[in-house]
Structures are given as C-alpha cells and as structure tokens.
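In structure tokens, one chain follows: the form predicted on its own.
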C-alpha cells in the first residue's frame, strides 16, 4: 500500500523528467504499481482510512510521484449522486483532441507532491478526447470534460515533468483566462 512517505515532493528530480513509455505485457512490478496507484487514490477518499494511515486526499496519482519514471497514472473521481465513480489506470496516455475552450478550478489545483498551497488559476482544456491502455494492454478512448478533464491533464503533465503551478501566471495568478469557463469543485 502506498503511503504519504512513498510520494516524492517537489524539488525531487524525478518529478521533472519525461517518463518512459511502457511496453506490454506489463511486468509483475508494473502491474502492482497500477493497482497500488489506484488503491491509494480510492483509499485517500475514505475519511477513516485517511485518518488511520495519514493519507492526503487526492483524485489522481502518477507513477513519477512514487519515484517511478513510467507513463502510468490512476484517477478516481466520485461523480454526482447515484452515478458510478470514474475510476481507471492510464498507461501511455495521450490527448488526441481538445476543445478550444478552456476551464480552470476556481479553488486552484493541489498536488500530493506539493506540501504548500499555490494560489492561482491553472488553465486547462475544457473537453478532451484521450487514448490510453489499461493494465492488460487493451487500448481505450474516452471523452472527458470538467473535473475529469482537468485531472487527466494534471496527471499527464506529471508524465512530462510539468508541475501544475508551471501553468500559473506568476505576475497575475488570478487573471481572467480568455475563453475559459470557471469550474467550482464541491
């Protein structure tokens, strides 16, 4: 089980590397990594487990954040009441198309590898179509919008050595982003 001590923090060189493509079939270690990343994200959304294990809540976790420079991340996002959560592992993910329209979280973004609050708007594409592989090597394609689209782009950035705050305008962190619709997160 991944714990907070296993997650590397900003300043660590692995977070600034471009992660390596993964080949199939996965090794046992890679398959375990996929399961562990997803397990952390699911567990981190359970208040009791957060308390017991000292976890910080998150909706995504990328392999480079646990010091493994491979193109793998996991997302788990609870949707509206009565809808099934969006929960998946993405291996060698790519954005194949995106909207012109942008979006951003009004509250700003956070990161399990960043132990401080970073104020500012992070511009992201409002809608994206993505391709990735699951742990069995099966390619899938999906369309994402809103929070899932933002989270996917955040985690994809980790695979490219980019931190979320790299997108914030340091001179005007809260400046209006042209053609962007703000998104509020509950």
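Numbering follows the first chain given and starts at 1. None of these values were measured; they are calculated from a predicted model.
Keep in mind that the form predicted together with a small molecule is missing from the display, and what follows is about it.
No member of the trio 25, 63 and 92 reaches the small molecule in the model of the complex with any non-hydrogen atom inside 4.5 Å. Heavy atoms of residue 151 reach within 4.5 Å of the small molecule in the model of the complex, making it an interface residue.
With a 4.5 Å cutoff on heavy atoms, residue 135 does not count as touching the small molecule in the model of the complex; it lies far away. Using a 4.5 angstroms threshold between heavy atoms, residue 158 counts as touching the small molecule in the model of the complex. Although the partner is absent from this view, residue 57 contacts the small molecule in the model of the complex, with a non-hydrogen atom inside 4.5 angstroms.
Partner contact region in the model of the complex: 143 to 151, out of 31 to 39, 143 to 151, 126 to 134, 47 to 55, criterion any non-hydrogen atom within 4.5 Å of the small molecule.
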